[in-house]
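Just so you know, structure 1 and structure 2 below are the same protein chain in two forms, each on its own as structure tokens.
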Structure 1
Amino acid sequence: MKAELAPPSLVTKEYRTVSQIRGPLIFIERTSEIAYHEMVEIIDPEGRVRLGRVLEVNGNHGIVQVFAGTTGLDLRATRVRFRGDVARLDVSLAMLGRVLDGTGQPIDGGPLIVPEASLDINGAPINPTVRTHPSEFIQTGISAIDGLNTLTRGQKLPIFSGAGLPANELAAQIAAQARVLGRQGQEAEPFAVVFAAIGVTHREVSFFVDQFQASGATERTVLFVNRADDPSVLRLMTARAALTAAEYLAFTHGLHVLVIMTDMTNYCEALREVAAAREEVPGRRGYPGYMYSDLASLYERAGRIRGSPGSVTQLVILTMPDDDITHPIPDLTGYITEGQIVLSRDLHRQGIYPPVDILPSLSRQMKAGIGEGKTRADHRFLADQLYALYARGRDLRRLVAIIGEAALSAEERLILDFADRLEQRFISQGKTNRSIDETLDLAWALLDPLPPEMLKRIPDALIRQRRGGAEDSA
């Protein structure tokens, strides 16, 4: 972070009682009336200023988290000033189309943002009595999501990825394609994307910026960037700054905001690093025992408020270490969020993009966001039927590996062929942007070769309507 001098009006107290410097933390003795999460200025022996915040208060002792690292500080000459206020983000509608660092400062070469408000990055909890249940469809343009694991406004839905899988490509594609549809399937309401890139490389930053510019989505996107070579403690601020911007756009300006955060594994690693520097008793695999509540403080900022036209929807991407879905990060995330989208290494090896494994994937809010007046009346039946047949097809693949395909019945061969076609035509779509109607029409096309008696999850009237209409047009 660039060193800067603070306005004198913000300074309330100054101490020279630093007792320890450990990793990104400094320990201060003989303090009084300091507050948790209060912003701090650390002045090194050469007079340069770094920012930090109070991480812990215990009697007359305080622990401060230094954002730019503690290199160059010493116990005797280091001074610490307490601002008397928490970390705040300057917000404005002019943030749209800008690239900001993890603290909200522009890094795209453009002018400074003139703030309309300065908000606490920790946010304010949504009163449960005014929280509205997610029940309206968001179109991502990805068939495996829109058709089978639908995202709804106000939902929090993670994407579980693995090392080397195209999660960043999928995130950029969704950010460019996502939109809110009106009752008649037309884009009817204002929509914005807040994209938080946490702990990413310079190459990945360039990729995201180029993708947004190429797709024309830049003007409706706010990009927060925390690079891998930035101080790790800034990762903890980046996610909160992005959510603060999203809440402002949603609940002040009435926009439907999709927040995409990648990669939350980097966030959790930074949380573990800070906990280790504080010498806290570790939990599972060295992560702090409060990681669940810390993640919940982020994920629960998604939602809708009764009487407010805007909404905050979260699509969180995390990398599962060793592809282990029981690892603490995906495990705790799954408890808090409303389902998950799982990327498959086997599908990726087959050249299928996006490699979404639809069987372990789930959207718990899907049924509330689809159906007549939202997507189409046949959506729910088609989704159930595709799942049922694909699950049987996956089971038959394992059976074929033991007894051979020749032992299958005619019906089983049809199901096995359906599973292959679903992967190659429905799940695999490349960089194309499919509307929900195109996705559902494709689902019908995949089911058309199957006899009606095999389509047990779809009402007979819908089958007759579909196939009767096809025969009439022929």
Structure 2
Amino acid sequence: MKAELAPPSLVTKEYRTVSQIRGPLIFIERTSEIAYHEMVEIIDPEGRVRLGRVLEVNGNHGIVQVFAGTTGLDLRATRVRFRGDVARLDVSLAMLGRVLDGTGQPIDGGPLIVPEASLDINGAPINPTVRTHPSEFIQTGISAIDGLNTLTRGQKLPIFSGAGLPANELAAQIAAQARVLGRQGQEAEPFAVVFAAIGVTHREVSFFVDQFQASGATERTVLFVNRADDPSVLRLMTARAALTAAEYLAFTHGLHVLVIMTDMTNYCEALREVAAAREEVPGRRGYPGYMYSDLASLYERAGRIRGSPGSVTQLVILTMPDDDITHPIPDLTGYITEGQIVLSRDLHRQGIYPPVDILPSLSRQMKAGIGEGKTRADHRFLADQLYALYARGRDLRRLVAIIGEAALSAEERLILDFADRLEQRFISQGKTNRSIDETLDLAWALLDPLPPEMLKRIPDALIRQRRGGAEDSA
């Protein structure tokens, strides 16, 4: 990453030629040589300054997106000053423990950040040839994740939530419990949490602040906060600022950074708002056609780089409107991220926490992060077997609802019972922190009542090893 300082603004240009104000956008006439994505200061009639960014330049006029909203601006007295540079974030190791707004300004009453570098918040794509494949197992202490949808360092894994489901609780629990195993005794690899609150309520922000305090992680955390009542277009900046900070901490200071972003649904709403104000041709459900590329420019900023000790792992929360996984926001996200953890309203109603619906959930990095030397040799077979049986169990439940349990064969009853136990004992765990051994042993315990012929996904040798002499008497 190039850590060049912002060039001095020798070419600051000021205009009083605002011709239109439309939603979050202002149109400026008779501009000359302004740059695409250049940062802009807008000085309102009272002399207060707000920030904006050039969205389009066409001949001698420009369209500027105003972060703090356009309320109070006029066409006559408003002045616009072009800064001559794209949006940058001042970064420093001293950001740890601080609370910043979406442009990187401290809002915790503390001193200004003394920059070690000033970075373009859009970042640059990591050259695919220097990436290393994420394969270090992160133990989250959650069985549904560690056992069945394993998270690895450098992965991007979203949580698909619904309104009212405990996604924030789960994210906070993961942030508190996440560990990388392997090196016995020396668990003190430097880590940090970068948290981006995007359009969330005061209540949610204070929930996370309390959680970080309770787990003693505050000193290792950078909070970027854009509250629900902050200008919505600033949400687009907040996510980028947070990821720029994360990349800096990871690849310049060698920290293992866990980025938590919530709620990406608010981000996408802001993207749609700007697109609508520009009168762009809308795509599905009014979201712009470039939303995939835009989201990719965020999510792809996770990863590991060969030769660099640090890593950026993303845990992204989004709310599926009306619990619809085919809605463009979860849909496009799922096409970019490496899997997804899907929360279920049904399980939540039954009081199961975390209410992870394992069937639509997936971790694409799982196969690289598990097995001998990482978790355990039996891990993959157990996971496959649990999935296969649980999927059948769920089918059978539907069948039972129609024709009653009496019609089931003995084998089918075992499977049905298995599915219930999986939910009640394996997925449901409350706030406990389970080691990977506890999770996998629990998986074996769930399978114990089933005869070996039903365990097609597990090699014979492993079953014999587990059951030992007990097989003869069975």
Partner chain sequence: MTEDAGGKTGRIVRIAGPVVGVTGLEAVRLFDVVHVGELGLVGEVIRLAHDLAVVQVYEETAGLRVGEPVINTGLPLVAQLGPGLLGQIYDGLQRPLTVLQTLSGNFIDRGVSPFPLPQETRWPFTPRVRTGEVVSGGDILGTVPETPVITHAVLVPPGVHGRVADINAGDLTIDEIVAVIEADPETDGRTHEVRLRQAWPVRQPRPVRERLPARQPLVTGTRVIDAFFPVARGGTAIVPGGFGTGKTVLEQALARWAGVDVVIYVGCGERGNEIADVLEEFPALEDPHTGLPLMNRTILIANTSNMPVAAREASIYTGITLGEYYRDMGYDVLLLADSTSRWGEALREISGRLEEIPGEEGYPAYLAARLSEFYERSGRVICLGSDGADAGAEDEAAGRRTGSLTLIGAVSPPGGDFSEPITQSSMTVVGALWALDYSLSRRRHFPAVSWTQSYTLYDLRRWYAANVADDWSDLVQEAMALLQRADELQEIVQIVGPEALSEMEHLLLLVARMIQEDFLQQSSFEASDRYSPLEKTYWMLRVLLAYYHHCRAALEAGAGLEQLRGLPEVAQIARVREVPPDQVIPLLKGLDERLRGSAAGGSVGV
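Worth saying up front: this structure is predicted, and the values here are computed from it rather than measured. Throughout, rigid core stands for the largest set of C-alpha atoms superposing within 1.5 Å between the two forms. Here, residue number means position along structure 1's sequence, counting from 1.
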| query | Pick one: is 1 or 2 the form predicted on its own? | reply | 1
| After superposition on the rigid core, does the Cα atom of I403 shift by at least 2 Å between the two structures? | yes
| Post core alignment: L455 C-alpha displaced by 2 Å or more between the two structures | yes
| query | Does the C-alpha of D378 move 2 Å or more between the two structures once the rigid core is lined up? | reply | yes
| remark: Core-superposed CA shift of A445 between the two structures, in Å, is 3.3
